[in-house]
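This document opens with one chain alone, in C-alpha cells, the form predicted on its own.
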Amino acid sequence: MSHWFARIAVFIACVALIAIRAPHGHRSLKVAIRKSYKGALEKALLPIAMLSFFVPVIWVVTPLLSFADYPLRPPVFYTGLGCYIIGLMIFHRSHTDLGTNWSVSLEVRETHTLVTNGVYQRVRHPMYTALLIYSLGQTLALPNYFAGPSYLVVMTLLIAVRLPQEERMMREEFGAAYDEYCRHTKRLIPGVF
C-alpha cells in the first residue's frame, strides 16, 4: 500500500478538524471573556500543541520527515481511519453542544452555562476524548515514527495538565451543580474513567 493513501487521509483529517473548529471558534470569540484561568504551563503547552498539529502536514507536503517512515500496513491504516472518523464525529458534536461556551484555553465567557446535554450527558470532557481518538488515528494512519505519534504525545500531556485545572474552574464557577454533574458522568470514557 502506497504512502500516498496515508498522505491523502492525513491531509483530509487535518482539514476536517480545522473546518469543524473554525466556525465555533469564530462564534465564541464574539462573547466576552469574564474570567481566565490560564496558567503558565498551559500558556507554554498550547503553542506546542498547535505546532504539533501541523507536523503531519509537514510530512504530507515535504520529504523532511521521510527518514522516519515505515511501510504502510493496511489493517493498521484502516483502523487509524476509523479512529479519525470517530474522533471527528465526537469533536463536531462536542463543539455543537458547547456552542459559545467553548474556548481554546481555560476561560469563562460572559454567558457561560454548564452544558450537560448531548454528548456531555455521557462524559464531562468529550472534546478531549475526541482529540485523543483523533490523534490515535493519526498515530495508526500515518506511517512515520515521528509524525505519526507527535499529536498524541502532545495532546496527552496537555490534557493531563489541563483536565484537573478545568475541573477546578468548573467547580469554582458552577459549585454544587458541577459536583452533581460529576456524580453522574465520567471524565473521558463513558462508564469507565
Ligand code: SAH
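In case it trips you up, residue 1 is the first one in the sequence shown, and so on. Please read all numbers here as calculations on a predicted model, not as lab measurements.
Absent from the display: the form predicted together with ligand SAH. The rest refers to it.
Judged against ligand SAH in the model of the complex with a 4.5 angstroms heavy atom cut-off, the residues 107, 112 and 125 are in contact without exception. Ligand SAH in the model of the complex comes within 4.5 Å of a heavy atom belonging to residue 101.
At the 4.5 Å threshold, heavy atoms of residue 170 reach ligand SAH in the model of the complex. By the criterion of a heavy atom within 4.5 Å, residue 120 is counted among the residues contacting ligand SAH in the model of the complex.
Although the partner is absent here, residue 69 sits far enough away that none of its heavy atoms falls within 4.5 Å of ligand SAH in the model of the complex.
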